[in-house]
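Form predicted alone, single chain, as structure tokens, below.
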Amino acid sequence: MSDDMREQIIEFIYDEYVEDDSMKIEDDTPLISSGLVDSFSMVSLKMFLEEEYSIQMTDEEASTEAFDTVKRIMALVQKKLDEQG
């Protein structure tokens, strides 16, 4: 998975949800289970991903489990991109 994708996702999370600039988000940092991203925020994250990568995700695919880390988000986006061919 690309570093560009990682950087875009992390930048969006920082811009939209992080209030403490000293917080470090890594590939495995818990986003939802830590409370950083809530269910309302997941909607905007899903919309960002769909627009940025020209993909469509069902609500079932965009689950709290799938969105809990940058690594899992990247895997889901890559799966959707692969499905498109």
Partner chain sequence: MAYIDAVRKQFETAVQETLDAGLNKDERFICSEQGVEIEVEYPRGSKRMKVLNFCANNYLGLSSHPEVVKAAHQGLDERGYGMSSVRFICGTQDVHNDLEKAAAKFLGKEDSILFASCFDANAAVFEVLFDENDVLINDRLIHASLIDGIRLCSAQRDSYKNADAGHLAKKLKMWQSRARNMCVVTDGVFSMDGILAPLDEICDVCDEYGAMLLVDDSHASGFIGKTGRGVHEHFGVMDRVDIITTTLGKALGGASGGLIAGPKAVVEMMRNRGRPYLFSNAVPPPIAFAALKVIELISQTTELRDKLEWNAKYFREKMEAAGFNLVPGETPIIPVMLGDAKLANDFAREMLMEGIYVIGFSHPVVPMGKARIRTQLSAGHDKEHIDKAVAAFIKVGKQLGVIS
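Note that the structure is a prediction, hence the values are computed from the model and not measured. Positions refer to the first chain, counted from 1.
One more form of this protein, predicted in complex with its partner chain, exists but is not displayed; see below.
### Message
Would you classify Asp38 as touching its partner chain in the predicted bound form, given a 4.5 Å non-hydrogen atom cut-off?
### Response
Looking in the predicted bound form, residue contacts with its partner chain include Asp38, since a heavy atom lies within 4.5 Å.
### Query
Closest heavy atom of Val18 to its partner chain in the predicted bound form, within 4.5 Å or not?
Judged by the heavy-atom cut-off of 4.5 Å, Val18 is in contact with its partner chain in the predicted bound form.
### Query
Does Glu60 reach its partner chain in the predicted bound form if we count a contact as any heavy atom within 4.5 Å?
No, Glu60 sits far enough from its partner chain in the predicted bound form that none of its heavy atoms falls within 4.5 Å.
### Query
Are any of the heavy atoms in Ser54 no more than 4.5 Å from a heavy atom of its partner chain in the predicted bound form?
No, no contact at 4.5 Å.
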